[in-house]
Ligand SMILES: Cc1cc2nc3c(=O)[nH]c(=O)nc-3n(C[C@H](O)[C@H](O)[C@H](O)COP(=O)(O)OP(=O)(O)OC[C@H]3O[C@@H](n4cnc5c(N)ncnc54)[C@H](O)[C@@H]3O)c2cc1C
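Below, in structure tokens: the form predicted alone, a single chain.
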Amino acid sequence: MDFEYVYSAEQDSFRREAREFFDARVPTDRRGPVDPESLDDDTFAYFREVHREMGARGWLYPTYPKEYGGGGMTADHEMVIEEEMARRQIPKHFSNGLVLPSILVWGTEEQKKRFLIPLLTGEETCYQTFSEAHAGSDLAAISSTAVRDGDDWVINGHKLFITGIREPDLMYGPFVTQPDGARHHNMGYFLIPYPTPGVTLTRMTLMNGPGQLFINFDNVRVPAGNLLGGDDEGWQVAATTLEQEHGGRGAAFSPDEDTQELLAYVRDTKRNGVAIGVDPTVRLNAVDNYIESQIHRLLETRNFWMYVTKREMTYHGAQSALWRKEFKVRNAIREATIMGPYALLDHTDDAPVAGGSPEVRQRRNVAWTHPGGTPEIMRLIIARRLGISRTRERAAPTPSTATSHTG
């Protein structure tokens, strides 16, 4: 049975249009760095402008509504655009787009126009500010506060392990609005412009690089119009954000350059004049990586299909996220087994494998088991949504289920 996707004439026509744009706009020597943490200012500025041009065409977020800056296009268009960007190694938008569904579902019309348009067109970028020192996977344990003062909210506290490239135009996340309120009904969800007096960003150099931040909020005043949802609905708004972070939207295109680079290494590398691929253990490890990568691709594609066709989703997103978090670690271990010390040569070393990308994976794949919830949290979500836990839950509302939008 042939599982390969066959493109329609309309898709092929749009692909030619996309390919012409990218080929003309982005020279072959312009691409994102192997290690995202080594992105230089010139490359960052260059691709920010490319993103703006894509946004003007509606290509940055193709399926979001046109009236808010999206493309109003189909899932097929999104798939083609992502494939062509990956073909040229063009970085995706330097922004955390997980807030977009929350604004669509929970925002007023004024908020949608005010915040979505600059984000969807690439004019602005944003950070997600969720985790705190004592509140990572247990988001309901946050302690940073927002106190109403006239027409403003005054925010105090901190967030850490916040992913972001350069500085954002907007930050978003939950803050406690009712310290004595019931758990899950005591917080609001705020959109915070940056720079704003009282907000300071400090880079954190961690295992996966300096792309994480500690953010301090010291009497930061935010207009009441920047509260998304009600002042006690922050948990529910955050759940919409997390539904996508947990895999509930899937992906139109899930390339696995990690596996492709490993297969090329096994195919092309010789040691003592003998191809390493003749070793059955090497072949077995490489094939295991390929199989697990394909399972992830199919889970992501299934979820994307369910999302755009407005199917009811329960455990599906967390299932895909759990698989991704764990198989990426297994794949990195098998890659290190095959490559040995060569897997630890970074982009600054002499003759690194694949430009140093295996070294990035050795750090990144372990660090990425935490963001959006640990594997244990994913298992808990799956159990609750399958009805085999003491607590049951439904999937949070998304633009696919709560509105007519399909962003």
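Since the model is a prediction, treat every value here as computed from it, not as a measurement. Don't overthink the numbering: it's just position in the shown sequence, from 1.
Unshown form predicted in complex with this ligand; subsequent notes refer to it.
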Quiz item: When you measure heavy atoms, are Asn96, Gln128 and Ala367 every one within 4.5 angstroms of this ligand in the predicted bound form?
Solution: yes
Quiz prompt | Contact segment among 377 to 385, 24 to 32, 57 to 65, 334 to 342, judged by heavy atoms lying within 4.5 Å of this ligand in the predicted bound form | solution = 377 to 385
Quiz item: Quick one: of Ala141, Leu206, Ile295, Ala224, which gets a non-hydrogen atom within 4.5 angstroms of this ligand in the predicted bound form?
Solution: Leu206
Quiz item: Considering Phe161, Phe253, Tyr315, Tyr194, which brings a non-hydrogen atom within 4.5 Å of this ligand in the predicted bound form?
Solution: Phe161
Quiz item: Is the gap between Gly373 and this ligand in the predicted bound form 4.5 Å or less for some heavy atom pair?
Solution: yes
Quiz item: If you check in the predicted bound form, is Ser137 within 4.5 Å of this ligand, heavy atoms only?
Solution: yes
Quiz item: Is Gln212 close enough to touch this ligand in the predicted bound form, meaning at least one heavy atom pair within 4.5 Å?
Solution: yes
